[in-house]
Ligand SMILES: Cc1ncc(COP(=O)(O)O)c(C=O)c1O
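So this first bit is one chain, no partners, the form predicted on its own, shown in structure tokens.
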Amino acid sequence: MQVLEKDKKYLVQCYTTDEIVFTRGEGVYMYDEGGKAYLDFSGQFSSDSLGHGNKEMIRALSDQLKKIANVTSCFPTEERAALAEKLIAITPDGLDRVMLGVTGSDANEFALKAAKLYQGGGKIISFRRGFHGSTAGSAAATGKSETIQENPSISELLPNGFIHSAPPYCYRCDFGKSVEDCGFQCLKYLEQTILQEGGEKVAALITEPIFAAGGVIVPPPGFLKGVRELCDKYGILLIFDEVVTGLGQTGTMFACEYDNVVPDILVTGKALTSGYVPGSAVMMRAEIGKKLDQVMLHGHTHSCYPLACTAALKNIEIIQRDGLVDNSRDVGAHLHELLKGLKEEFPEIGDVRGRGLLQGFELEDIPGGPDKWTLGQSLYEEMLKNGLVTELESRHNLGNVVVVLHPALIVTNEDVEKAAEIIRKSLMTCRQ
């Protein structure tokens, strides 16, 4: 029985499964069973910061396996202590305690629990179009309607007390405003939401500095500072979900650095270990961490997993040593300009947005052409056929179709130029 047949027969197909079997990877390329090369511009859900087959990472993990791989969080290890120290060093000042986890979902879950415990309860505010995970609390915070929200048979699993406010989506503003005349209407709406929910009865606000799964929504300058000011005004903890945007993906180590805004709690995952081993982390202000000490609040068998700690340490070492944050900023700027050039050529591209190596372009209907939903799916498939792996964020109820590009931090100008040419070629085919 062939791989695809076995996969369809035995695996629960939670995600749409493309009928390509990848057998190996090297750098920013993946190779299928027939040896065909594909540029990986999905970064495997933004996790693969160092690319595929990094020999230095593989050696570090091999050495750790020979030493010790599995120690529960009940016992300290040199690996977890070293990683905690390193994370505090690379995050914004004021975040002085660390909790290690396994996935971005469980890290956000812990952050929400920590906020509620520290605050003595209260509601959680997040934004529509945001995505925070698939566990109960993180899914309830998610404002990008998913199956768990839509299906009444399982939506009862979601906890109460989660409120969604209007997102800073300037291209498709909920209030019909433009950036020039909006006066931060979304911030005014947020304050009204806080007041209507009782002000001091709100424990925390959680947001992504850039809404990745919502379609690479980049808030306008000043928005995050405004959110910070509202949180301070009403005594609300601010949580930044940097599971996608952290570790250099947007051209700074963490995306919040663009706005010089420091949260009370910062969550990261995905690229923390470059995807070689699952791992996540939550950084917080010292007083929040101290209140959590000795409280059996949250944990998993593989939290503080030494192998994950080693992967994260090696990943951060390589990112810093090889200047990959700067590379993300510079090559990402080149990719952004290339996409803007495609926008000038193809009216089907309505908007281009992003920072660093997290970029997206939004598709629109044009007279005489396929509708944007059909175009988005056919474009995704055509790009894959032409050797480019991307992600497609497309949901009718959200009204947008966005192709998301987030390649590894090692990508070069030559790589992004090749990707742009594949996009161009694929658009020419799909518009016919």
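Start at 1 and count along the sequence shown; that's the residue number. Given the structure is predicted, the values throughout are model-derived calculations rather than measurements.
What comes next is about the form predicted in complex with the ligand, which does not appear here.
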Verify the contact flag for G104: yes if a non-hydrogen atom of it lies within 4.5 Å of a non-hydrogen atom of the ligand in the model of the complex, no if not.
yes
Would T250 count as a contact of the ligand in the model of the complex, using a 4.5 angstroms cut-off between non-hydrogen atoms?
no
Check G137 for me: does it contact the ligand in the model of the complex (non-hydrogen atoms, 4.5 angstroms)?
no
Is there any non-hydrogen atom of E79 lying within 4.5 Å of the ligand in the model of the complex?
no
Listed residue that, although the ligand is not shown, lies within 4.5 Å of it in the model of the complex (heavy atoms), from G133, G354, G275, P219
G133
Sole residue of V282, V227, V244, A141 within 4.5 Å of the ligand in the model of the complex, by heavy atom:
V244
Any idea which of 311-319, 329-337, 105-113, 162-170 reaches within 4.5 Å of the ligand in the model of the complex, heavy atoms considered?
105-113
Which residues within 203-232 place at least one heavy atom within 4.5 Å of the ligand in the model of the complex?
E208
